[in-house]
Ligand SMILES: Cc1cc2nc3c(=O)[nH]c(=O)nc-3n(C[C@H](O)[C@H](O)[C@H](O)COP(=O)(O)OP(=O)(O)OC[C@H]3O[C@@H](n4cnc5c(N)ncnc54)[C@H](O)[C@@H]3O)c2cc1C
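One chain follows as structure tokens, the form predicted on its own.
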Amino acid sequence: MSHDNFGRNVVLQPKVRYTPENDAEVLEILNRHQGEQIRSVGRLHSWSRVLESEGVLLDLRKMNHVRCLDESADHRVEVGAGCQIKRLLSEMSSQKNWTLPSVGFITEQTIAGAIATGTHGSGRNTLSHYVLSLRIAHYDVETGRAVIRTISAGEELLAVRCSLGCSGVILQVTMLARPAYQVEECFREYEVLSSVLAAEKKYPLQQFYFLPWRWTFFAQHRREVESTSSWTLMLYQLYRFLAFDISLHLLILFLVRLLRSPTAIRNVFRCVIPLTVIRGWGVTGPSNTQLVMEHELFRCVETEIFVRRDQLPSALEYVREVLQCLGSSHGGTSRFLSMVSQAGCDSLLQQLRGQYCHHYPICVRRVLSDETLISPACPDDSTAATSSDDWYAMTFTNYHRGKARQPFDALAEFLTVSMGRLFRARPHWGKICPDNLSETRRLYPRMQQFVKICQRIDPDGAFRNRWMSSLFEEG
């Protein structure tokens, strides 16, 4: 049997697939398949090889309970690993009028899948950061039998919060929650990056888009407010849905899959797409709707790269030059070519020249530094996270299909490798990543600690796939 992921760029070929309904069934499956590879998956909204399974595949979608807890001063929610985030948000709202501290672009993922890869929104920490405890199933080191235990403190919690599925099968997650809140949003265009970053003081939840071929910045200013929903909220949501979630994507699909003209793509991004953005229309609404978009409506692939704030201006200028070299006649400045040479990627750049015209706004989101071991937003050294350690995630999206997507795959490799060497940039674990993770390993100061913890919990590597082998081997 085989299963495609959302982007249809990863094929899962497990020997057997199960959909257990409770803890007891999970234990029985693990004991039945002792000595085999075990992987659990959510809704397959990842683009990396973290999904790959050649042994036993567990789909935990039936383990999706939600329970809001009142036992402490903190708001907490207990949720089954297979619960989709959209269901979790709905249940929290109906039970207690609560929500999550951070919400990403889409809500199709399961909670276990989201925390396992470091899923994030904008202006706050990743979801992994808010995990208080987890119940996991794994094999007892002494008896070899499957057991369940709760991890709620210490270095093990910092590891399993974002574990890539390497520590066992997550059954249940307990997370911080908070009362529902309102978000004000408006769009503005800026010529320079410094103006966008200066607006963070007023709009700490903002995200912005670097528009290819126009090379300006469209900021989606967002901030938490005390006011009630705007009377124009429904009209604004309809506009945002029709203009961005539907029309923008249909236009891009037409340009990429039917017209296939780089010149048309460049001109549309310079002159047409900016006309769809209404600047300065400030609208307030619930965070659960304001922070979420419908990007799951059209299949795509993505790669995402995290850089520190002090590296962001240079990194975005580097990205601009890369895309110009690939999608136009731009030869590249001497400084840029020197950087490519420094990264050891000259030959790959030459292969890519003129082969790919980027066709989607580059979304940039600020992600606060995490208290985890290998979240893409964990601190850049082994000390505790501080505000100076904040990261910016740059998302590159592609709508080609099949063989036509090969130039984008090569671009993703070029960006992750060269920017890792030049800017110590980290790829998102759940999106297109390098095939060999030996270099990526060196970008995480606490990676060795993470590996040791996973090996202690799972010494036989039952919960790791082939792709992760280079992560667990000294390079």
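The first residue of the shown sequence is 1; numbering continues from there. Not measured: the values here are computed from a predicted model.
Keep in mind that the form predicted together with the ligand is missing from the display, and what follows is about it.
- Query: Which one of Ala81, Val364, Met175, Ala159 is close to the ligand in the predicted complex, taking close to mean a heavy atom within 4.5 Å?
  - Reply: That would be Ala81.
- With the ligand left out of view, which of Ala377, Leu100, Leu205, Ala112 would have a heavy atom within 4.5 Å of it in the predicted complex? Exactly one listed residue reaches within 4.5 Å, namely Ala112.
- in the predicted complex, which of the stretches 47 to 55, 438 to 446, 27 to 35, 406 to 414 has residues with heavy atoms within 4.5 Å of the ligand? Only one stretch passes the 4.5 Å heavy-atom test: 47 to 55.
- Message: Residue-level contact is defined here as any heavy atom of the residue lying within 4.5 Å of the ligand in the predicted complex; does Glu296 satisfy this criterion?
- Response: Contact with the ligand, yes.
- Though only this chain appears here, would Gly104 touch the ligand in the predicted complex if you measure heavy atom gaps against 4.5 Å? Judged by the heavy-atom cut-off of 4.5 Å, Gly104 is in contact with the ligand in the predicted complex.
- Any of the heavy atoms of Gly42 lying within 4.5 Å of the ligand in the predicted complex? Yes, contact at 4.5 Å.
- May I ask you to state whether Leu164 is within 4.5 Å of the ligand in the predicted complex, using heavy atom distances? Taking the distances in the predicted complex, the answer for Leu164 is yes, it comes within 4.5 Å of the ligand.
- Item | Contact at Phe6, His428 and Lys431 by the ligand in the predicted complex, all three, heavy atom at most 4.5 Å | All three within 4.5 Å in the predicted complex.
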